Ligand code: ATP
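One chain is shown next in structure tokens, namely the form predicted alone.
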């Protein structure tokens, strides 16, 4: 099988592969660029693997006039900029020691050893500069079947890096086939080693959860996370039951992980997932307004069209009710509305606290009227 694409045939990319090849070294594309091309998904990063030692990659690339950045040269990775494109080139490696987060590696000349240390079979696929697929571990059938499966023994892979527990669920949500169900052997390993999640940094956990929640349908993966005890370690109190109804309501709406996180519930996600202040505000605002009685138009005026839509969708999912008729146009109407009363309308008869209280009272009346009360009606 052969792949192609603009990224693979880019002149800078092909020139880089050519200079390493002419120097007598093997160079192959690997990981996400190969996987995503086969799955007809966009390619955002170009990773390559080579039998050349890191310093050799640096020397050959610089001699050819390419800019080289020693990104992680001690671990075998350098970044080469060719034709304006960043290429991450890593020497074939094998693991000597791991502690569940970091690995002590040794460089290798064996492609199969390099493949054997990767997490999932669909990530252990390589491609020659010509686009010809190289599949040392037989992962291509798994990828074509959208089957997320660990390379070798799942427990051993997880003990090498406990983040792979979260990646397993995230990959199932993004790349897996929900109709097949999640891989049973991998699921059992995640359940057996769930405590390992506790040792991960909250930044890494948060990054994985953002990606998982942004998948088209994360409901099955989240349900599996809950069944293994992983979800409660990530976000205590989270309940995935309402994610499936939310995804159903979002059929023609772009998913937003913030909206789904609000529906997931549980403890304050800020410290657990290392959210930014703005992200915390978004999630908390959606949670707070779910229980309000504000109409879609009122939510559009108060929050804006997109945050207002988050509340309307989350409310319908949690209450298991249909979406209100005309909710989208009402949100837009609200977002474009202006409260018809200003302080000047009440002065000089009112001042200070009395003025503020009256403005709040009139605003509440206007919101409860679905923004339909006019200035005259409110002042009357």
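Numbering follows the first chain given and starts at 1. Values in this document were obtained by computation on a predicted structure and should not be read as measured data.
Another form exists, predicted together with adenosine-5'-triphosphate (ATP); not displayed. Remarks below refer to it.
Contact annotation for residue 92: none of its heavy atoms lies within 4.5 Å of adenosine-5'-triphosphate (ATP) in the predicted bound form. For the chain shown alone, residue 340 is not a contact residue for adenosine-5'-triphosphate (ATP) in the predicted bound form, no non-hydrogen atom being within 4.5 angstroms.
Shown alone here, residue 35 lies within 4.5 Å of adenosine-5'-triphosphate (ATP) in the predicted bound form, counting heavy atoms only. A residue is said to contact a partner when one of its heavy atoms sits within 4.5 Å of a partner heavy atom; residue 161 meets this definition for adenosine-5'-triphosphate (ATP) in the predicted bound form. Listed stretches are 215-223, 249-257, 127-135, 110-118; the contact stretch with adenosine-5'-triphosphate (ATP) in the predicted bound form is 110-118, by a heavy atom cutoff of 4.5 Å. Relative to adenosine-5'-triphosphate (ATP) in the predicted bound form, residues 31, 47 and 170 are all within 4.5 Å by at least one heavy atom. The partner is absent here; in the predicted bound form, the one residue of 123, 79, 183, 280 having a heavy atom within 4.5 Å of adenosine-5'-triphosphate (ATP) is 123.
For the candidate set 149, 285, 211, 302, a heavy atom within 4.5 Å of adenosine-5'-triphosphate (ATP) in the predicted bound form is found for exactly one residue, namely 211.
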